[in-house]
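A single chain, nothing else alongside it, follows as structure tokens in the form predicted on its own.
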């Protein structure tokens, strides 16, 4: 059984909600909690709550909102106001979230289950960085961090990649803290995640599943694909975060990886947030995924989300005031 803490900026790109749904559909996962990062973290927490509600698990998995600002509070929040446009979060009270900062919840959970907690980090890294700075000895007890972030293979002739990737670029100082911590990290970069595709065929398959969460995912994907096509000219979206979650469960999906020491550019005019392999006296604690079996991953992902479990009746109502997880 994998004991997982999910750190997410759910509510903007569709891949966070796909990753959470994948985790909830995986019997090997014990989801210990969800922390939300970057921007309107309270709203992001309510979106996560709604996803849980579509499986009848509202109130069963703790959700803690992180600080909205970047680590140094000096970086603007990218794309604010877009979060959760297609999910009905109106009327969900704040008390469905823990009355505890995300970094404190992370530390409490890691301390309580020493050496057993894997963190799935699919967001800008402010929550993890704050936890590391606050209690590095406690964070040293983390089993491993699986992280979606960075760019390495920019020489791919089939896809024009940017110099930086969103999660690292959005809070490069936080990423620098995490990479310099020495914690064991598996890093799944943009040049690998863009080998995955979710398009009209998968949309149609989701539409044929009689399950509340499948219907939510179908609605989200139906709204997201036209947006992607209008902005990028693609008829599909990439599964950045679901791939990272899947590699945690199926390491055999990794065809090639390499241990590296990673630096983060924080002062470049055009390169702020760039991930750079650096020499560090042989200390290479980041396993960078360089190649995956994309068809096998996509089969695995669809197998899970098209057979969502119905453990409890869907509960789409907010918790009453007295029963919120405080």
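Model, not experiment: these values are computed from the prediction. Numbering follows the first chain given and starts at 1.
Quick note: we don't show the form predicted together with a small molecule, though the next part is all about it.
> Just one stretch in 227-235, 248-256, 165-173, 211-219 has heavy atoms within 4.5 Å of the small molecule in the predicted bound form, so which one is it?
Comparing against the small molecule in the predicted bound form, the contact stretch is 165-173.
> Would you kindly say which of 198, 122, 132, 110 lies with a heavy atom within 4.5 Å of the small molecule in the predicted bound form?
Exactly one residue meets the criterion: 122.
> Given that the partner is absent here, does residue 190 sit within 4.5 Å of the small molecule in the predicted bound form, heavy atoms only?
Flag for residue 190 set to yes.
> Given that the partner is absent here, does residue 148 sit within 4.5 Å of the small molecule in the predicted bound form, heavy atoms only?
Residue 148 belongs to the contact set for the small molecule.
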